[in-house]
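Here's a solo chain for you in structure tokens, the form predicted on its own.
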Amino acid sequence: MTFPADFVWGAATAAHQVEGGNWNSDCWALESARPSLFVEHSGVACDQFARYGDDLAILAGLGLNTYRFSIEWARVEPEEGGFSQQALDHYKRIIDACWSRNIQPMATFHHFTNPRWVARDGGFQNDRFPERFARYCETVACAFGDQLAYACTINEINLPDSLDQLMARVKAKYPDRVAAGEAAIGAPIESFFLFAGVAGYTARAVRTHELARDAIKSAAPHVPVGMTMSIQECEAEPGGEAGVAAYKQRVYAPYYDSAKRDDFLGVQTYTRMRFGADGKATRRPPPDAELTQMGYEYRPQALGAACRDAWAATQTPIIVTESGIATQDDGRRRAFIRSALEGVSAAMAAGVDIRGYVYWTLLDNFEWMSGYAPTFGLVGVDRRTMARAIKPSAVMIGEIARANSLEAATKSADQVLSAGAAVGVSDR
């Protein structure tokens, strides 16, 4: 279970979830609504806007070679056509800090949030969205795109398609919160990315990705560009095969078709979905299943299945751009990572072209509507002091990365803690 010498080993974050103070975004407005769809406000988040250097030092010290982060559109273009040199300089400093620590910067240009002016115009529902987003991508790519190791256009581009029925239930259950949110952003709730999966979204999303990809490639031809997709293991119960096929055709196929023309495809997997004889999908785990803090079935094997599915459909090289677990038990996190990587290794042995594994997430952070309770991080964050606490799972994945082999994952917990003493490990 060894990996190629140039295999990508990293951890990911998203700007709104870690930077703090992202007040010009639609998400900040929704968090501020009363009543709110969000259980709490992001506020200072992990204060990474100021502390990115310290976090990159941790990542490098662990032995990881890639940092996936997002460039916040709401900071870069706070009003239409008005680009902030101060924001561009900030993200340029992050990129420089990565390279100075031998870390490859992997930037995501859209990770769920829009500037408020974009939201007021309907977000992805506006026919001008693809061109507006491409202009932003072109501006960023011209500023420093050629210094990126990888560029991801849109995070989990197909997620609104997958969430359409769930979000319809949310709207029906919480009409007062939806109304308050719409008043806060000055637009229908569908302008917020997670609710955007209504008629017309898929075509506009694909066009947005393709215009963005072309804009980035024009400014930085050598930088690999791709989208990232939410791809879960799909399992058919007896009679559910047609349901699986229909779901994949609707939620995956349009994006798979576009990804065939990309440099890589980012696969992001957390659990599995099951389909009954009625053709309907359920994320509800089996009665005896172990659950994560998100209520997902503990299913690290899902990653290998998702990678095989994506490769069969696209023949496009894969980078696992997110894989992780929300849990307070770091022993279960270590077991999850080992098992997920075993699935990656087996898929690679079967001929699937997988070029990297990026864990979600580097830091315990703001998990959107669920707030700060779910803990996905390799590194804990004290909500009062912002102090970082490196977990044994972080040291373990670093040891695997240094060795380029899963052999390193067989160390005992005590050995892992001993190996990480120099970087301040906490068994949290």
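For every residue, the number given is its place in the sequence shown, counted from 1. Here the structure is a predicted model, which means the values were calculated and not measured.
Quick note: we don't show the form predicted in complex with a small molecule, though the next part is all about it.
Chemist: With a cut-off of 4.5 Å between heavy atoms, is R299 one of the residues that contacts the small molecule in the model of the complex?
Modeler: No, R299 is distant from the partner.
Chemist: Would N114 sit within 4.5 Å of the small molecule in the model of the complex, counting heavy atoms only?
Modeler: No, no contact at 4.5 Å.
Chemist: So in the model of the complex, does any heavy atom of Y270 sit within 4.5 Å of the small molecule?
Modeler: Contact with the small molecule, yes.
Chemist: Using a 4.5 angstroms cut-off on non-hydrogen atoms, would Q17 count as touching the small molecule in the model of the complex?
Modeler: Because a heavy atom of Q17 falls inside 4.5 Å of the small molecule in the model of the complex, the answer is yes.
Chemist: Would you mind picking out the stretch of 342-350, 145-153, 304-312, 104-112 that comes within 4.5 angstroms of the small molecule in the model of the complex, counting non-hydrogen atoms?
Modeler: Within 4.5 Å of the partner lies stretch 104-112.
Chemist: Can you pick the one in A236, A219, A168, M294 that has a heavy atom within 4.5 Å of the small molecule in the model of the complex?
Modeler: It is M294.
Chemist: Quick one: of F38, Y372, Y52, W360, which gets a non-hydrogen atom within 4.5 angstroms of the small molecule in the model of the complex?
Modeler: So the residue touching the small molecule in the model of the complex, by this definition, is W360.
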